[in-house]
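Just the one chain here, laid out as C-alpha cells, in the form predicted alone.
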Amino acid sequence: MEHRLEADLTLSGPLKDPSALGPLVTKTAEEAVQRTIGAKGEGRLTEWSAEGDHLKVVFESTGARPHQALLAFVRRLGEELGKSQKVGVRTFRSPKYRTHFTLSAAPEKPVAIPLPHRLTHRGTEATLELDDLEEPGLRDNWMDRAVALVKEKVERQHYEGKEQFWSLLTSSPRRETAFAKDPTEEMLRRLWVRPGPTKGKWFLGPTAAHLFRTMERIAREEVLDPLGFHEVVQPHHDSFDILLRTGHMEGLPGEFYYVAEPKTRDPVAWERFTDLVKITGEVPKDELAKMVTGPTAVSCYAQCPTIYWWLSGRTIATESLPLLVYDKSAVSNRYESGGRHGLERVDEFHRIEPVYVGAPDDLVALRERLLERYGRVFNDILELEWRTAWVTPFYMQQSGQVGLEDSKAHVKGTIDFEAYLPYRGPRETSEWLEFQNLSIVGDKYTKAFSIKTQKGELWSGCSGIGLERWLTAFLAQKGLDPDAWPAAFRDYAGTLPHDVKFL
C-alpha cells in the first residue's frame, strides 16, 4: 500500500523569519508522522516549499494513509508559528491525493464516484486519485470513504442479480382453502375500501377498519402485552441525521417520501400563490416551489430509527434491560413506484414496531418467546398456512457483513414470516407474502447511536408487524364471509359494523 498526499497551506500572514521555517517544518512533520502513522519508515515528508504566505508539503506513506499526519502537522505547525512568528494556518487543501489499495475482485465495468477523481486498476490492484479536496474532506476522511465506496461497488457488481439467501426454518400444517380471490378486489367490490386520493394509499371503510383494528388488538394482547412491551409515541418525521446513522440514507434514498417546510407563514408572502389558486383553480407548482424549502426530513419509513435516536447518547440502567418498547402511532411511508398491488404493497401503511435492546443472550431468548407468541396467533387464532425462513441478502453474505457462524447458528439476522396467498396460484410455485419479520442486528445500532449499558454487550433488534399484510394474508385464505372465519378470530372481531349503503 503506497499513498501520496499533496497539500497547500495558506498562512494568516507573511513570516517574520523565513529562515526558521525549514527546521520547524521538518521537526513538526516527523512528530506528526510518528504520532499518527507510527512505525519508522512507514510515513515521511518528502517535499516542501514556501513562497509568501503559502506552504506546500507532500506526505507519502505505506500502510496507513497520510491525511491524519497532515492534520496533526497543520495543528502543531500553527501552534509553533503562532508562538515564534505571530502567524497561523488559515486554510489548507489537497490538490492531489493518491492511494493504492486491493479489491476483492477485478471490476467488471467502470466504477464512478461523485468526486473529481481518476480510478485505475490492474486486476485487483487499484489506484484512486482525488483532486481538489478541501479542508472538510480531509478532516472527515473522504479518501477512506471513497475507497470503501469503490470496494462496495465492485463487490456489488459481482453479486447483483443473485438471489437473497433464503433458508426454510418451519412450516405450518397445510390448510385447505375455500377462497381463491384477490381480497383487495373483493373488498373493492363490496365497497369496504377505496383507493386513496394519492397513489399507493387506501381509505378503509367501517368494516375494513374494524378488521384492521382487530388485527392490531390481537398483536397487542397476544404478543406484546404478555411479553412485557410498553408503548411509546414517536414523531412522524425522521431527521436526515438519524437516517445517516442507521444507513438508510445511503441504502434506500429512492424509497423515502421527503418532507419540505414553508419558508414563511406570512400571508403577504403567499399572496401571489393564493391569487393564482383563486384565478386558475389549480395549484401553481412552480410558484409553490419558490415558497417551500428543500427536503428537511422524511416521512416515517420505519419506527425503529427514531426509537434509537430517543436512546442515543444514554446509558440504560441494568434494571431496565432488556428494554422492550413499541410504537404504533407513526404511519409508515415508502415509495413503491410500479410495485404497488392491493393492500399488501402500498406506499402508506400501518405497522406496530417492537424494538428490543439488551444483552445478546437475553435477545436470543426473547426471540424464541416472540416466535412462540406469533405461532399462537397465526396457528390458533388466524389459522393461517404460513412458514418462516432465515434470510440474508446475498451481497451481505459475500461481503462478510453477516458471518458464517450467524447464518448457521441463527444468532444475528432476520426471520421472515410468509403466508400462502391462494389467488396467486399453487403454493409450490407461487410467490408467498412476507407479512411479518423478526430481526436481531447485534450492536449495529447501539454503536451507531452510542447507546450504552452499565456492563457487558448491548444488542438490539426489531420485529415489524404489518397490519395491512396481516389482514391481507387472513382474508386471502379465509375469505370475506364471517361464517367461514376461525372461531377464535370471530371472538376477537365481535359484531361487524353495518356497511355503508351508496346509491
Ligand code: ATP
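One-based numbering along the sequence shown. Keep in mind that this is a model prediction, so the values were computed, not measured.
Omitted from view is the form predicted in complex with the named molecule, to which the following refers.
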(message) Give me the residue from Arg367, Arg334, Lys412, Lys328 that has a heavy atom within 4.5 Å of the named molecule in the predicted bound form.
(response) Arg334
(request) May I ask you to choose, among Tyr356, Tyr420, Tyr374, Phe349, the residue with a heavy atom within 4.5 Å of the named molecule in the predicted bound form? (result) Phe349
(request) Tell me, yes or no, whether Glu344 is in contact with the named molecule in the predicted bound form, where a contact means a heavy atom of each within 4.5 Å. (result) yes
(message) in the predicted bound form, does Glu434 come within 4.5 Å of the named molecule, counting heavy atoms only?
(response) yes
(request) Please run the contact check for Lys478 against the named molecule in the predicted bound form: heavy atoms, 4.5 angstroms, yes or no? (result) no
(request) May I ask you to check whether Gly442 falls inside a 4.5 Å heavy atom distance of the named molecule in the predicted bound form? (result) no
(request) Counting only non-hydrogen atoms, choose the one of 48-56, 465-473, 29-37, 447-455 that falls within 4.5 Å of the named molecule in the predicted bound form. (result) 465-473
